[in-house]
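Below sits a lone chain in structure tokens, taken as the form predicted on its own.
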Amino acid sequence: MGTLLQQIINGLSLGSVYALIAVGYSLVYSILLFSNFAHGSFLVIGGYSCYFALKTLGMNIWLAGGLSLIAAGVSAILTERLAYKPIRERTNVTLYLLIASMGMSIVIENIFVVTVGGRFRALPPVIPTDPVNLFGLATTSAFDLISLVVAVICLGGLQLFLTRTKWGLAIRAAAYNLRIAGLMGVNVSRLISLVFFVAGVLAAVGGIFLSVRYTLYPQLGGITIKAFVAAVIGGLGSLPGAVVGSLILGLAEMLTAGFISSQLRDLVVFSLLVITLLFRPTGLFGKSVGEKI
């Protein structure tokens, strides 16, 4: 029983980090109807920004974390302005945006390989990893509890932003129809930049926790493919779906690793993706939509 509870907590912790990344995917998809595969690069930018702020500038985790969030958010805006906006202004075909995002992912990854090298780096021990006893029922890591709490706070803050602010209302309107939102007075260019900034910030938070969990390296962004799978399972474009899909994926990974074999984790993850696409292609919370023109 104790082992089961421990694996559930670990799965919720991992799933909550996936949720931060998957929500970024879904935010961009809900507005522009394309999957931004450069999203993992913002995670890497956040991780490296935090690492160098801690090691080189001697900042504490709060200042380093804040710097990494800004760096990833600004990088996301620049990526949208330089790579995606020129395409959006010339065509409505979202396939070109998808191809451009793949290219940007490779470009950013190789910039890090060339400039900082491809070796693995460990963040300083600024986040506690000590074991925590949960009322004698199970033992888990303080890191898992902290990552779970931080993810819940971030996702709760995003929910408040989307439901209680004018820009949140504009984002929800644009998710229904971007062109109509523009005709109603929304600054579409600024709104898209804001969406990318928020997605970049959430990716950076996930990047910091994943860097502590797995170490930091230029290809770390590849792990976001699991967050994308979670977004597909939950329903692309649905923020609640992204969260639910991520938690399902995190639990499936940890329960498989704990009770069957860690080598089967990826098999279970992608089997869930195939099953979802076969029986419910729109995901748990997704809806069938056509191209937005």
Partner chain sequence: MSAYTEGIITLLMINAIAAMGVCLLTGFTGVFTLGHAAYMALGGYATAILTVKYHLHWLPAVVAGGILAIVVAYVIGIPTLKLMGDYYAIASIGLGEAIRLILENWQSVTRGARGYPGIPTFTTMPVAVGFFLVLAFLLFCLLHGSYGRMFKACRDDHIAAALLGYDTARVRVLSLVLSAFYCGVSGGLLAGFLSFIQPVMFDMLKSTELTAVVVFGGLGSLSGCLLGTTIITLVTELFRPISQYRMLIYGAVLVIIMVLRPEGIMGQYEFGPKLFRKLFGRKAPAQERR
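Computed from a predicted structure; not experimentally measured. Positions refer to the first chain, counted from 1.
Unshown form predicted together with its partner chain; subsequent notes refer to it.
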> Is there a non-hydrogen atom of Leu145 within 4.5 angstroms of a non-hydrogen atom of its partner chain in the predicted complex?
Replying inline: no
> Is Asn110 close enough to touch its partner chain in the predicted complex, meaning at least one heavy atom pair within 4.5 Å?
Replying inline: yes
>> Just checking whether Tyr51 would be counted as a contact of its partner chain in the predicted complex - the rule being heavy atoms within 4.5 angstroms.
In response: no
> Hey, in the predicted complex, is Val114 touching its partner chain, heavy atoms inside 4.5 Å?
Replying inline: yes
>> Please tell me which of Met102, Leu78, Leu134, Ile180 lies within 4.5 Å of its partner chain in the predicted complex, judged by heavy atoms.
In response: Met102
> Among Leu158, Ile223, Ala83, Val74, which has any heavy atom within 4.5 Å of its partner chain in the predicted complex?
Replying inline: Ala83
> Can all three of Leu57, Leu194 and Ser211 be found with a heavy atom no more than 4.5 Å from its partner chain in the predicted complex?
Replying inline: no
>> Please identify, from 146-154, 203-211, 102-110, 166-174, the stretch that has a heavy atom within 4.5 Å of its partner chain in the predicted complex.
In response: 102-110
> Along 264-285, which positions have a non-hydrogen atom within 4.5 Å of its partner chain in the predicted complex?
Replying inline: Asp266, Leu267, Phe270, Leu273, Val274, Leu277, Leu278, Pro281, Thr282
